[in-house]
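Have a look below at one chain only, the form predicted on its own, in structure tokens format.
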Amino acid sequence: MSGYAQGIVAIFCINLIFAYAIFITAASGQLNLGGAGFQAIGAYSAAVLSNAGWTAGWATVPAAMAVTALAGFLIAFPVLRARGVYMVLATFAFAEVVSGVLLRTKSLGGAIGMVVPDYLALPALAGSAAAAMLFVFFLMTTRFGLAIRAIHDDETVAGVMGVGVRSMQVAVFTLGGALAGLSGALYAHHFSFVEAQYFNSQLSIFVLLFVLIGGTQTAWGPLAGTLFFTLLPELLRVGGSWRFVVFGAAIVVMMIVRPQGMITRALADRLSPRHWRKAPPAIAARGRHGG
């Protein structure tokens, strides 16, 4: 594999973990526009610990996840007091505060950034991305996953049925923070450098689009959205500067044609082997052959 291809795969793995971090909160009906802030905390936590002499991987990455999980837990209480667009703006403000603090903290490199001495290769990123994806798929099949889906569909009814709405919402912010911290720590160790300008508002918007375009109804959505946003811009490079126009148009068309996302719960159910095993033989045969 060429160095260019390895770079694309590495970005895809980091983006996939990041997308699942945002998906967990979106699956409970909470749109998080502060993803860049959580990823920055994870990246800088790993960078600081690595510069302090901690061994990469087995120590700095879990520690970075713990720090961002704590940040997610703490920020959930004030953020969840807001509703609707105000909650989204509150998460966005959180990311901007984190970026501003990093830019003005000289001990963290300020605007210059920090070098990360320890390196994690592509296999570590791929293994982490696979583990994060499997974890989220498993989580959504548990009672916890059913509870957050119930909150997403109707928060009031979920509360009446005995679901602890506020505790579940705090839990998804905490889990989302941990996964965002994982993506940030892997970014820091793979690219060996962190700077506050990378973790900007555009990154928060993009990762939320990964999830919304892919779909929030099933855990396949973030995978589809990350593939779309990571690979399509690379495929459009042959078009020169026009690739941005084509890419933007593709996003608009996708939002018009599939406002519920690329992968919906109904589509995932229809494509599952379990569906075809339960279907009558004639219907299953037509489905397999595109009938």
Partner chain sequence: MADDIMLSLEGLAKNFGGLAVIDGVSFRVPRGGRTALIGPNGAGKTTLFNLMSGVYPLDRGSITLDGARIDGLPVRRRIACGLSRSFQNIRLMAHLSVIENVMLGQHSQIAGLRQMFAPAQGRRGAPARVMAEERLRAAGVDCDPDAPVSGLPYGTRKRIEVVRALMSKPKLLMLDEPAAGLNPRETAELSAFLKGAAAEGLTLLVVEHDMAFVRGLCEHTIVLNFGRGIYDGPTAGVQDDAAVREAYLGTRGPPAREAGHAA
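Numbering follows the first chain given and starts at 1. Quantities reported herein were computed from a predicted structural model and do not represent experimental measurements.
Separately, the form predicted in complex with its partner chain exists; it is not shown, and the next lines address it.
Chemist: Should Arg243 be classed as touching its partner chain in the model of the complex when contacts are defined as heavy atoms within 4.5 Å?
Modeler: Output for Arg243 is no: heavy atoms all beyond 4.5 Å of its partner chain.
Chemist: With the partner left out of view, is Thr141 within 4.5 angstroms of its partner chain in the model of the complex by any non-hydrogen atom?
Modeler: Because a heavy atom of Thr141 falls inside 4.5 Å of its partner chain in the model of the complex, the answer is yes.
Chemist: Taking its partner chain as it sits in the model of the complex, is Pro123 in contact with it (heavy atom to heavy atom, 4.5 Å or less)?
Modeler: Pro123: no, not in contact with its partner chain in the model of the complex.
Chemist: At the 4.5 Å heavy atom threshold, is Arg104 in contact with its partner chain in the model of the complex?
Modeler: Although its partner chain is absent here, Arg104 would stay clear of it in the model of the complex, with no heavy atoms inside 4.5 Å.
Chemist: In terms of non-hydrogen atoms within 4.5 angstroms, which of the given stretches 180 to 188, 110 to 118, 153 to 161, 82 to 90 touches its partner chain in the model of the complex?
Modeler: It is 153 to 161 that comes within 4.5 Å of the partner.
Chemist: Identify, from the list Thr174, Ser128, Ser99, Gln217, the residue with a heavy atom within 4.5 Å of its partner chain in the model of the complex.
Modeler: When its partner chain is considered in the model of the complex, the option within 4.5 Å is Gln217.
Chemist: Which one, Leu203, Val136, Leu209, Met168, lies within 4.5 Å of its partner chain in the model of the complex by heavy atoms?
Modeler: The residue from Leu203, Val136, Leu209, Met168 that makes the contact is Met168.
Chemist: If you apply a 4.5 angstroms heavy atom cut-off, which residues in 247 to 264 are near its partner chain in the model of the complex?
Modeler: If the 4.5 Å heavy-atom criterion is applied to its partner chain in the model of the complex, 247 to 264 yields only Gln260.
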